[in-house]
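As structure tokens, one chain now follows by itself in the form predicted on its own.
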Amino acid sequence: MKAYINATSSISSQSTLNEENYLEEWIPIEADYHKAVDPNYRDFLDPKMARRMARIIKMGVVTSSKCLEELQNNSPGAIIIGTGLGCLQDTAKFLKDIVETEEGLLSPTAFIQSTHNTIAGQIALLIGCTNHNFTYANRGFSFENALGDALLHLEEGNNDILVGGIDEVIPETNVILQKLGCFQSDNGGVTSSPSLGEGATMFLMSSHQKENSLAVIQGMKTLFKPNSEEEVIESIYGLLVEVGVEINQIDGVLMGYNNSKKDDDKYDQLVSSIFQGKSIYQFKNISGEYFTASAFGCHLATKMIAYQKEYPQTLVSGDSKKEFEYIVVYNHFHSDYHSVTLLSKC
């Protein structure tokens, strides 16, 4: 089932929220991870309401609001969000309260706001949407599961589906993950562990093309713990065969290079085989590595196709391209969760 992307919005470590200066100026990363650039939330939210919201909720509400502008105050047919760890800020607050009260009497507010589905729920409450509302939390496939659900809804005749991927970093998890060796401080070099990131990315999708449609998701495949590179290649070829696209029609490949030698080697293997001679791009130098980073990869591919533009500091190898008909987004999370998504012009 094809999905037409009618709007997309993203908050990342670079200037990706506003159309006017989209990735025009590279912002130095000051934290020891790819910290998302927070907009002035007062421009989008009531100040009193914003003060009561956790940061991840604000990121989700802002990006979804920009997408929903296309609906002119109508409710989306469904709200489907993917998140790996959910609302970490409120989770940490709840656990801290447990310790400080010695497991005594607690306010339920922090617990209620710490659950993964709080993001989708808050968006629905703010816009008064009573339609399908679902959250997927499945590690490296969280966004892919949300996108798969959206494609099923479109196939069933529902339209204007809001789907997104969102994760945040808090100081506590940043320290824990680095001590465990899961991630490393961002220093621009290649190491044994990837650079941690965070962000919020939203899409508004329909089953038919509209005047404002930006790109088309032709299809998607996921692969868990493949036994070999050949199995990954077969999966990619399988997707192309399903949608009737030849490998020589692919104009660009957007990959999840993350400065980790172990992870990047797997991308290099595909570049030297199935994607040999293709223009190779990266997106995690902008988003960093997190459970739903592939959502930002699809967002960047959508922008490249919609505006027929190659963005600075994204080209890894191959010729600089001026026209994009088909773009493959290939990502893997810690070598276990592999996904490939094919996007094209409308």
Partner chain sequence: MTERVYVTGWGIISALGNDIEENLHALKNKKSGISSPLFLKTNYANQKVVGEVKLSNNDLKKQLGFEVSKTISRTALLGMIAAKESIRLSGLSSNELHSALFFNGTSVGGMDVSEVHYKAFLEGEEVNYKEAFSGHDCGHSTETIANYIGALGETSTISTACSSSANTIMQACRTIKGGKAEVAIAGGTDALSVFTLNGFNSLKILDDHPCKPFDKNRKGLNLGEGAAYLVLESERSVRARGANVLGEVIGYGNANDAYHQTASSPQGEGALNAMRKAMSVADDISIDYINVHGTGTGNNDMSESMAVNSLFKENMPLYSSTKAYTGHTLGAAGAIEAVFSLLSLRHNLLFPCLRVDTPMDVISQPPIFDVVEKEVNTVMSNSLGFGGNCSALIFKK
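Numbering follows the first chain given and starts at 1. Keep in mind that this is a model prediction, so the values were computed, not measured.
Omitted here: the form predicted together with its partner chain. The next part is about that form.
Colleague: Give me the residue from Ser206, Thr135, Gln218, Asn259 that has a heavy atom within 4.5 Å of its partner chain in the predicted bound form.
Modeller: Selected residue: Thr135.
Colleague: If contact means any heavy atom within 4.5 Å, which of 272-280, 232-240, 207-215, 115-123 contacts its partner chain in the predicted bound form?
Modeller: Among the listed stretches, the partner-contacting one is 115-123.
Colleague: Is Cys129 part of the interface with its partner chain in the predicted bound form - any heavy atom within 4.5 Å?
Modeller: Because a heavy atom of Cys129 falls inside 4.5 Å of its partner chain in the predicted bound form, the answer is yes.
Colleague: Consider Glu246 of the chain shown here, and say whether it contacts its partner chain in the predicted bound form, taking contact as heavy atoms within 4.5 Å.
Modeller: No, Glu246 stays farther than 4.5 Å from its partner chain in the predicted bound form.
Colleague: Does its partner chain come within 4.5 Å of any heavy atom of Glu172 in the predicted bound form?
Modeller: Contact with its partner chain, yes.
Colleague: Wondering, does Phe94 line up within 4.5 Å of its partner chain in the predicted bound form on heavy atoms?
Modeller: Yes, Phe94 is a contact residue.
Colleague: Just to make sure I understand: among 214-241, which residues lie within 4.5 Å of its partner chain in the predicted bound form, judging by heavy atoms?
Modeller: Residues within 4.5 Å: Thr222, Phe224, Lys225.
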